[in-house]
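Before any questions on binding or motion, here is one chain by itself as structure tokens, the form predicted on its own.
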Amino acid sequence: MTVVDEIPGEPSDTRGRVAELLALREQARRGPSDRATEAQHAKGKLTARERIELLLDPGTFKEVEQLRRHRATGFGLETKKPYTDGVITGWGTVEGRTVFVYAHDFRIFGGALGEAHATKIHKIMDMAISAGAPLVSLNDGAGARIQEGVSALAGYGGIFQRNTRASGVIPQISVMLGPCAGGAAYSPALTDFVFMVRETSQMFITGPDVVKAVTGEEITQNGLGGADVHAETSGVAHFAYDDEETCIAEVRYLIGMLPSNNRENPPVVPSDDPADRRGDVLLDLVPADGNRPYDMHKVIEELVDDGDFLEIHERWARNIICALARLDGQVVGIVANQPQALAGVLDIEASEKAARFVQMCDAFNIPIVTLLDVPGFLPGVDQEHGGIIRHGAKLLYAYCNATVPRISLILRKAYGGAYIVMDSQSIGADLTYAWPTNEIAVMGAEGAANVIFRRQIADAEDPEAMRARMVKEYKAELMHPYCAAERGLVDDVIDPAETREVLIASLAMLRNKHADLPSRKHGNPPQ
């Protein structure tokens, strides 16, 4: 038997091999250097592993391909082959439920994506889809790894394709914790929710230097694509927070409101808030006068379990509220007009915001409760030229296409096309309720009287007195609180104080609702 000489420095037994493995793992966990870690902390940012520790339940993270290294050559890459290749992938649990995660490590190649880096992400995305579990991406990368050229670009293509395949199948959450520029920004845009951190995270297709070169405009990175810009102006970000710890804690909270996949229902949490709790405060909270504003947030607080809800896109399109909450422990999606902002009208941004939210709820088996107090669509040249027709149709399409339990409640005004679009009975709401303060009509009484009785008003000796008389007549005939109920367009007119009890009982009845859509490849929604 030939004896092979032992290679100097190489372990000769299993214990030695295990020691070597542990050393390699420790090297991979530690990252490139303490100096790189200090630089990351100096920017007010956590490392990728610190972020994962905040996201997942302690001790549950199982890493995949920790020892992966790139195989690229040229431009000095052959001498720099750090373990993980700048992205940490794996799975763990959040409140005991499996969640998959990948996190860019900015300390390695600036978190830039290369071929091996992308392959790791592709693998974890495929695993999440197969396992039917949420996917969270912790983004902190400088875009494509330029040294790897088209291979890096192809890696992004694979991510986008998987984002699309996973859409409506598993919840996808993007957490922006650093820069995200160019084509890399499209992956978060394809996911269900985008979180950002002020000052440290930015998203844009072309950076400030390119903008200045092309348009002459000077702007900072945060001014162009910071958290506040995307949370308030563009609507790209659903949530924005001041620090990473708060941001990641809210990601955990959101995951607790979502099912693991589209074949399951959201988690149920036992509630100590009585299902039959009366809400007498609602009698005074919402003025009977339709011209007086009030805060719809307070109505929602009074209705849901313990007054607790998570608002989506809180600072964008404030004239409509989209929120996740619980009623008797069951998760519901709430869409509500906000009279405090633009009188609660529907406009382009409100329609887009609510449409996407309705689609998300329908995809993940979350019942929808719609609270109406809407005077109509926002009039104006900018709205018409901006395409309010097709944007409003997005919300109409989303409601009509939704098969989850749908309950609408009309608090006060419900005028014109906006009434129809906001989940009226005629477009498929399972149950429609109204308060005694409701006014359902084609338009407000004053406008209707001016149209219908225009000649009588013009010919009258006292036009103003005639107009007031005709307004009163129109209200008495077509806008009294029981008009819609008499025609079967409202299932019941209810005491506002009993709203919580009525909603909970109705949702319990609808819990096993089954509805089939026509057989088709997919619809062609308005864009």
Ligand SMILES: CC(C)(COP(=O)(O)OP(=O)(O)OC[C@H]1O[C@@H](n2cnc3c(N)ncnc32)[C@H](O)[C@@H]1OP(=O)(O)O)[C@@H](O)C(=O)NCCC(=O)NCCSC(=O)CC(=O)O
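Numbers follow the displayed sequence, beginning with 1. Only a predicted model underlies this, so the values are computations on that prediction, with no experimental measurement involved.
Beyond the structure shown, there is the form predicted together with this ligand, which is absent from this document and is the topic of what follows.
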**Asked** Of the residues Ala144, Cys361, Leu395, Ile440, which one places a heavy atom within 4.5 Å of this ligand in the predicted bound form?
**Response** Ala144
**Prompt:** Pick from Ala72, Ala181, Ile159, Met257: which residue has any heavy atom within 4.5 angstroms of this ligand in the predicted bound form?
**Reply:** Ala181
**Request:** Mind telling me which stretch in 104-112, 281-289, 322-330, 374-382 gets its heavy atoms within 4.5 Å of this ligand in the predicted bound form?
**Result:** 104-112
**Asked** Among Trp316, Thr370 and Cys400, does every residue place a heavy atom within 4.5 Å of this ligand in the predicted bound form?
**Response** no
**Message:** I'd like to check something about Lys80: if you look in the predicted bound form, is any of its heavy atoms closer than or equal to 4.5 Å to a heavy atom of this ligand?
**Reply:** yes
**Asked** Does any heavy atom of Leu310 come within 4.5 Å of a heavy atom of this ligand in the predicted bound form?
**Response** no
**Asked** Gln221 near this ligand in the predicted bound form, any heavy atom under 4.5 Å?
**Response** yes
**Request:** State yes or no: in the predicted bound form, is some non-hydrogen atom of Tyr186 no more than 4.5 angstroms from a non-hydrogen atom of this ligand?
**Result:** yes
